[in-house]
Each structure stands twice: as C-alpha cells, then as structure tokens.
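Shown next as structure tokens: one chain only, the form predicted on its own.
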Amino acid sequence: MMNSWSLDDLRNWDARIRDKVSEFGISCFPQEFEVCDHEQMLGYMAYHGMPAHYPHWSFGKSYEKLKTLYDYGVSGLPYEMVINANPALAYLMRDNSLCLQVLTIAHVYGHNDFFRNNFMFRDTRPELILSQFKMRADRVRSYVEHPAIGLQAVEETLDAAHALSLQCRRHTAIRKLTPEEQRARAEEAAAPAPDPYERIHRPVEHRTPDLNRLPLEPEEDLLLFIAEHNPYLSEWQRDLLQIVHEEAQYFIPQMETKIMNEGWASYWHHRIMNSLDLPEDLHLEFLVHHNQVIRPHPGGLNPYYIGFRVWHDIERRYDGDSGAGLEKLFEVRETDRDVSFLRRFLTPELMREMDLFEYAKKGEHLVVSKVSDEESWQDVKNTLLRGIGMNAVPVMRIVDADHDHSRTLYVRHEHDGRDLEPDSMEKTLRYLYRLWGRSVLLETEVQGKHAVFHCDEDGVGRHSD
C-alpha cells in the first residue's frame, strides 16, 4: 500500500511544527530526518540507533531477534528513533501514514529539546558523537583485521567489557576527585580532630594513612580501573575497554531519564498536534495513535504513560497556584532525572488515578501485594524508584587491587536489600577474572548473611572467610 505523502509534504509539516516549537519556547538543536524502511529501522535498533558502530556478535543476535519478532507479528517497530547529537538525527519509518509522520516529527522535537537542556546530557558532547562512534568503529575493525589479534580475541574482550559496562560512576554531576585530592582527603581523615583542651588531654596518636593502597577510595569505574592498572593488558585491549566505557557514558543519561524523556516528548507532540488545526481525518487518526502511545500497560510500566501523566499533573498544579505551569515544566526538564522526578512529583493521588500497584510471587502465581492506598502508596513508590534507570543495576566497587599482596582484585557489592542473581554474579566474576588476569574476590550478602565468592583458574566458588 502506497503512502499518500511525499517528501515535500513532510518538509511542509516540519516547517509548521518548527513554527510551533519556536512559539512555545522549546529550545532545540538543528534537526535532521532520515526516512528508512523496516529493515533499516531494525538495523538501527540493533545498533542503538547509530549509523556507524563497531561490529560485535551481540548486535547481529539482537537484529535477528528483532526481525523474527517483527516478521511473526509478535512486536512492532518504534514510530521513530532520535539520536542525541548536534544536529539531532531522527529516523522516520517509510511505511507510516502522513498523520503518523506528523505526530512523530512533533514527538522528535520534544526529545531534541530534552537532550539539549537536561543536565544529564551536558557532558555527552553531542556535536562530536556521530564522528566519535565512527572513529571507534574504525579502531575496533582495525583490531579485528590485524593478523596478530583477530576477531575471536576482540570479541572475547568486548564480551567482558559489555557485561561490566554499567559498573561505573552513577552521579556524573558530582566531580570525581583526582588522585592527589584523594590522598589529601585520606591524610585529613587520619589526622586527629582539633582539640581545644589538648593541653590537659592525653595526646592522640596520629595514624599515617596507607597512601600506597590501590585504590585509595572505593572505585566504581571498573573498566577504567582495570584498563589503567592491569599491566598485562595489551594496548588494544585497553583501548577496547575505554571505548565500551565511553559509549556507556553516552547511553546512561538516556537510561536515567527514560520516563521523563518519553513523557516530555509525548506532552509536546500532544500540545503541538492540537495546535496545528489538523483536518478532521488527520485529527481523528492522531487521537488513535496518541492513545496507543500513552496507554497503560497491564502488569508493566509504560514510560510514555507515566511521564505524560506526571508532566500534565505538574502543569496543572503550578498553573493553579501561580499560573507558572509551563515555566515549572521547563525548570524540571532541566534539573531532574527519573528518580528525583518521580520522588518529587508522583503524588499519592496520581498513583491512585493510575492504579499503580506492587505484585509478588505466591507459589506459581503473581499476586497483587500492595496498592497505592493511604497505607501502602509509599511502599509502592519506593519499589518503583528502586527499579528504574541505574537503580536496577547492582553497585559494585573495587576496594583493593592487591588483596593479601597477591594482586587479587577485591570487589564489594553495595547490598541494598536485594541479593545478586547467582547466574549473573558468576558471569560477572568470570568476566572480571578474564580482564584482571588474577584471582577476584566479591563480597556481598546472601539471605542476610555476609558472603565472599572467588574466581580463579579453577572457576567460581564460595570463599572461606
């Protein structure tokens, strides 16, 4: 079935939408669009939207899975994909109707504004990102084609790096201390506190801190630490670890703002589309598509739905108080991420309106364990906050790179009440051992009891304390 639109139609609608963007005060990067077919869209999805990306078997696996699900009608394709770049890049599906293209273009400008203004994206260097991805891809291909390295060695290193890529600093807005600043802090912490009565008190012994300890403070950036401190890694291996780390740093802000970002784009496509004076047939089709996008998902969370409702609720409440609803929206869009956004603005009343609840396993069934009533709404909200963004990823820190003076890597899991999944823990240990090249110890809790696991050339096991 041929679509009843041309590229000129899209250009005309894009110009009208850009006028609305300017009118509403939305602040965007220059925007570029590429029209693609479903196979190209599947490829972009498998490669995280990037037009250039390094080769790895996991991307091919992802493509085949997505294609199979699409071919058998199990899942569809996104209406669009938007790349955080300057100029911003978005892909439009060729098979979409004119109404869907117009809605998508309006939605894209919402994402564009969010990428440009939210604090989480300030260090992503969007003006360089496409060229950086291409340069990294070229470097990885050069290692694959090198006769002394080859595909297998590259993929083994990338497998481990991918598995550990999210074990990194969560709070990028807080500057990391330099080694010199860490040493100064260690010395200050070891020094006795000032005592105004020191003349009559017994002198306090000054304990000299161990400034040779590596790391001086627990280290979250596992890949970077291993790249910098494992002397047995080849330079190409160090480069691969840094490449994976850098790309994770680019994608983490999107993970941390998924609900805000999709809700923001949905809020603006809704507002822009309603302001365009659409013909009746396009308006009716728009309402159908919009409701499909923001509908709740029974048994799951639709970030479009949650974000859309919270943004509208913020506007309603602040318009009612001072008429400053839109001003408040722009302020929140700049200063929050999903966790703070929902903690501050997801009210008990809105939770009840959206019928948010918590469920648990009971035998072979899942049953509703808590609902958003006066007694349990805070528990439901806390459970939601623990499962979004990087909160769903366990926190692990390197506390000693020379444990027992044997170059054993000692890693501590910051237990938050959730035990590590045994299979995931074992794989993590094996990947750490592969990259460190020496024994690895992992401290955690299992069912409320302290536990240490080890991985060495003999495999993974429970370590005797």
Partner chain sequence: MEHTVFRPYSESDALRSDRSATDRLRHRQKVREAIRGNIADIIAEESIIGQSRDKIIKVPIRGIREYRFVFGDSEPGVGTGNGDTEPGQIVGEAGSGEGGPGSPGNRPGVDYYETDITLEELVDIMFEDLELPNMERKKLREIAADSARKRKGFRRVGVRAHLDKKRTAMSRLRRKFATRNPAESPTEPARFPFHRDDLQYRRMVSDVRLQSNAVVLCIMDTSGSMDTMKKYLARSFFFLLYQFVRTRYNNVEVVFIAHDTRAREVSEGEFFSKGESGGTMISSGYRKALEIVQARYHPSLWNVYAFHCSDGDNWPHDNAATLASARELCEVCNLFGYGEIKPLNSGSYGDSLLELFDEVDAENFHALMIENKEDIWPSFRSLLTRDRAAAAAD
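Numbering follows the first chain given and starts at 1. Treat the numbers as computed from the prediction; the structure is a model and nothing was measured.
Omitted here: the form predicted together with the partner chain. The next part is about that form.
- Of the candidate stretches 277-285, 225-233, 85-93, 326-334, only 85-93 contains residues with a heavy atom within 4.5 Å of the partner chain in the predicted complex.
- For E364, a non-hydrogen atom is located within 4.5 Å of the partner chain in the predicted complex, even though that partner is not displayed.
- Among residues of the shown chain, H162 is one whose heavy atoms approach the partner chain to within 4.5 Å in the predicted complex.
- By the criterion of a heavy atom within 4.5 Å, V380 is counted among the residues contacting the partner chain in the predicted complex.
- Among residues of the shown chain, Y359 is one whose heavy atoms approach the partner chain to within 4.5 Å in the predicted complex.
- In summary, among the residues S322, S142, S369, Q182, the only one with a non-hydrogen atom within 4.5 Å of the partner chain in the predicted complex is S369.
- With the partner omitted here, the residue from A392, L214, L128, L177 that has a non-hydrogen atom within 4.5 angstroms of the partner chain in the predicted complex is A392.
- The candidate spot formed by H290, G307 and V339 lies out of contact with the partner chain in the predicted complex, as no residue has a heavy atom within 4.5 Å of it.
- Contact residues in stretch 31-60 (any heavy atom within 4.5 Å of the partner chain, taken in the predicted complex) are Q31, E32, F33, E34, V35, C36, D37, Q40, G43, Y44, Y47, M50, P51, A52, H53, P55, H56, W57, S58, F59, G60.
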